[in-house]
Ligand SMILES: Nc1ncnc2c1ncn2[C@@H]1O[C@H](COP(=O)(O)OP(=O)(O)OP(=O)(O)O)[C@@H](O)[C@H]1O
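Shown next as structure tokens: one chain only, the form predicted alone.
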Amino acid sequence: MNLYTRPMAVENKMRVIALLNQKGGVGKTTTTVNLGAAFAASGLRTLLIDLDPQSNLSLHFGVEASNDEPRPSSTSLFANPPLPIEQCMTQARENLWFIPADQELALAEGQQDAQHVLANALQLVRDKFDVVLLDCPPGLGVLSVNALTAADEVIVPMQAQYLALRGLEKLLQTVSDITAGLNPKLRCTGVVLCMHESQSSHGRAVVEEIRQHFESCRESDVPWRDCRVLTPPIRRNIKLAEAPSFGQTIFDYDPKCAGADDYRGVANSLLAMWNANSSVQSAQDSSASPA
């Protein structure tokens, strides 16, 4: 398959999305992998980059980090000199590529003045992909800052719990700090509710508080003014936990299960949102053009 044959995309540009949560174990990697697989199935050329030294994303494609069999990885992007990004990619499925991680990636956290490494690497493939998803580590070190500096958007996978709500506030402040300096174009556009239990009154209250917060910011000049809780929520589903042990995405493992339906639905919601935003922008550009 020719990497350089690019299909019709949502927009005529590569969209870079960082999936970030300061807390681990919230479904971030599961969301990165399965959203990416859903985008690829819809025809979008999709690249997933594992920026977590735990390298869990790679397990969904049957790749385990091994010192015995070194291979190009996201660590290679932070080397001096860096390896070109195209030499780090592996094709996993039709329209779907990924860059694995390894434990040595943790050493990048100690690098100085390295905030633009990933942004610079992605410049070389801007005409080759429609969507790039960045699976960030928990925390806000050099690797996460790299992702936020390179990204157009942030999507926050989280659970509907009170402490997660407090963590969301801190994360939004970090996004604000990044837009004030390293990446003025960055926006937080969505929250994905993971391992969701709709019957929980506590969960419903947290979701409502999140929605009300975003609605109150619609007229404010903040980078999350257009953020929304994406639908549907990802229901707690054992199949999502089982799939990586078989080196598979949820669409390979059980494409008819609730987890597959939910991630397919979130992908469709994002595509519809992007298309709507693109139409609005096109209309604004047309009205602003001289007659």
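Predicted, not measured: the structure shown is a model, and the values here were computed from it. In case it trips you up, residue 1 is the first one in the sequence shown, and so on.
One more form of this protein, predicted together with the named molecule, exists but is not displayed; see below.
Contact check for Ser58: every heavy atom lies farther than 4.5 Å from the named molecule in the model of the complex.
In the model of the complex, at least one heavy atom of Ile234 sits within 4.5 Å of the named molecule.
Remark: Thr46 does not count among the residues lining the named molecule in the model of the complex, judged by a heavy atom distance of 4.5 Å or less. Taking non-hydrogen atoms only, Thr30 approaches the named molecule to within 4.5 angstroms in the model of the complex.
Note that among 249 to 257, 219 to 227, 36 to 44, 236 to 244, the stretch whose heavy atoms approach the named molecule to within 4.5 Å in the model of the complex is 236 to 244. Contact residues in stretch 23 to 53 (any heavy atom within 4.5 Å of the named molecule, taken in the model of the complex) are Lys23, Gly24, Gly25, Val26, Gly27, Lys28, Thr29, Thr30, Asp52.
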